[in-house]
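Listed next as structure tokens is one chain, alone, in the form predicted on its own.
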């Protein structure tokens, strides 16, 4: 990986390797990198506006874009859109449960949440357990894991979809690859990953404040290849403020998938469960 990049102070790096060596080049530096990242978010209020960095108003556009992409993937990859299947999802970097509450819990029978910032996860648990009482037993938040991505290993074959949004930038390249290699075992046959992230125009941009890296599209694709993952589909997020990074969604599979042929009536039957 030879693409050049910069940090938030404007310093230039010739390659990601140069940057990672400086910031995570030994065990002490790497431990501090992850500790600082969690510490940053521990100072952020547990609200939609907080987890979205003061841009709470982008929530609706974000959810709409994600839902359209998810609907396409379910229709193409699961027989009958998964309507006769007990669907389980993992929400990685779940924060306060924003994506679970506004999207995933409407399509999946169970959603597990993974989040290293304890007060975010407490807020998610409180909100979603209330939601569970109003929902049918068929759509619920099940498990809440206060564990960082780089330390998490899922149960074998539990998940149809593992959703990773706005959190993978905190992982080093090696831990990125390690995470996806561990997470593969958590997918059911035919299951897939969705990665939704900010994009740098080229190379990478390091945010020294929250200890995260924004990677370019080609940077991501190089890492996907290292993970042994196949890029099934991708889509750009629309409707976000121009001053923000571009955002892209990637659907990733462990094998080269085949599209499932369905009748029109079955496709129409693929609708989210009503929980309110």
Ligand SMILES: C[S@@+](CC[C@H](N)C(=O)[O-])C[C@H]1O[C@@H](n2cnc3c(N)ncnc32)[C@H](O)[C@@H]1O
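Predicted model, so just to flag it, every value in this text is computed and none were measured. Numbering follows the first chain given and starts at 1.
What comes next is about the form predicted in complex with the ligand, which is not displayed.
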| query | finding |
| --- | --- |
| Answer option from 51, 223, 249, 213, heavy atom within 4.5 Å of the ligand in the predicted complex | 51 |
| Interface residue in the predicted complex among 206, 117, 128, 74, criterion: non-hydrogen atom within 4.5 angstroms of the ligand | 117 |
| Residue 93, heavy atom within 4.5 angstroms of the ligand in the predicted complex | yes |
| Residue 219, heavy atom within 4.5 angstroms of the ligand in the predicted complex | no |
| 4.5 Å heavy atom contact, residue 98 and the ligand in the predicted complex | yes |
| Contact test in the predicted complex: residue 88 vs the ligand, heavy atoms, 4.5 Å | no |
| Partner-facing stretch of 237-245, 64-72, 224-232, 33-41, counted where any non-hydrogen atom is within 4.5 angstroms of the ligand in the predicted complex | 33-41 |
| In the predicted complex, residues of 141-171 near the ligand [heavy atom within 4.5 Å] | 148, 149, 150, 165, 166, 167, 170, 171 |
